[in-house]
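Here we start with a single chain on its own, the form predicted alone, put down as structure tokens.
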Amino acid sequence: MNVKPITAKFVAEIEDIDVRSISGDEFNELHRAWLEYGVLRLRNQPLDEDELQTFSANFGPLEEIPLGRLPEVVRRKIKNRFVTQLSNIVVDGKPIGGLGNAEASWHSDMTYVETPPPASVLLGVEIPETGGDTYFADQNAAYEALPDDLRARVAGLTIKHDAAHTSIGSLRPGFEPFDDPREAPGAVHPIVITHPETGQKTLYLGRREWAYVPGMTLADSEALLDALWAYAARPENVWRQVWQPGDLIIWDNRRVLHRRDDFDQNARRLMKRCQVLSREAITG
């Protein structure tokens, strides 16, 4: 196995490995690289859903798909309860996956729950000719770029992370619309966290839309969040993944933000994802 850094501290390519037959020592080396670089790319990994689940479970117990949110016709067709379909493909008038073809804004996965997933594992299956690229932003670098006064200001502050909307801005089933971020349901996490495995300080912003800093007026909260987001995704700290079929991306949700470009609805895009359940809450 060859670990090939794409930048000095952020994103690495993992070469010369087939994760279907990964050994314990190889996984330990891969896990160390994941902690060091935050995002790993492994090309030419033609996994089926069971193989994707088996590999992903090396990082920890996996989240089951929330079947209660899915129509019965979709539930009957699910092959693996630990693999989520992200797709714009429609079969018999029903979408086979979530998110569709819309642009997804910067976010970390599921920060609106008390214990968000530490690792996300995403496999490219069908890829459109253009669009649908995924971008990752290094939040270690974002924290380091903060001016001293802003860093001091946010020490000890928290953000409430909206649970009602998806990364494409649509209202999740079961939630009522609202107009004020202070009314948003969701978990509260520190703005700056200490990574539980690396000990590094990192920004933990989640998603800009409908976020709120508890204890502040809405105007002051909005101004502070705007100031922080000015450092969250600077071009020098962002990496773009142009997908190929068989690409496997593993990222650390505690360290990186990600977003997705939109793409032509007439094109087909199919991704398969596993989420790793956290054993511990996010702390400052």
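Small disclaimer: the values here were computed from a predicted structure and weren't measured. Don't overthink the numbering: it's just position in the shown sequence, from 1.
Same protein, other form: the form predicted in complex with ligand OGA, not shown, and the subject of what follows.
J.: Quick one: is Asn80 in contact with ligand OGA in the predicted complex, heavy atoms, 4.5 Å cut-off?
T.: No, Asn80 is distant from the partner.
J.: Although ligand OGA is absent from this view, report whether Leu99 comes within 4.5 Å of it in the predicted complex, heavy atoms only.
T.: Yes - in the predicted complex, heavy atoms of Leu99 and ligand OGA come within 4.5 Å of each other.
J.: Is Leu86 part of the interface with ligand OGA in the predicted complex - any heavy atom within 4.5 Å?
T.: Contact with ligand OGA, yes.
J.: Check whether Trp243 has any heavy atom within 4.5 Å of a heavy atom of ligand OGA in the predicted complex, and answer yes or no.
T.: Within the cut-off, so yes.
J.: Using a 4.5 Å heavy atom cut-off, which residue among Lys160, Lys201, His165, His107 comes into contact with ligand OGA in the predicted complex?
T.: For this set of options, the contacting one is His107.
J.: Given a 4.5 Å cut-off on heavy atoms, tell me which of 27-35, 216-224, 53-61, 251-259 is the interface stretch with ligand OGA in the predicted complex.
T.: One stretch meets the cut-off, namely 251-259.
J.: Quick check: do Leu122, Thr134 and Met271 each get a heavy atom within 4.5 Å of ligand OGA in the predicted complex?
T.: Yes, the whole trio is in contact, each within 4.5 Å by some heavy atom.
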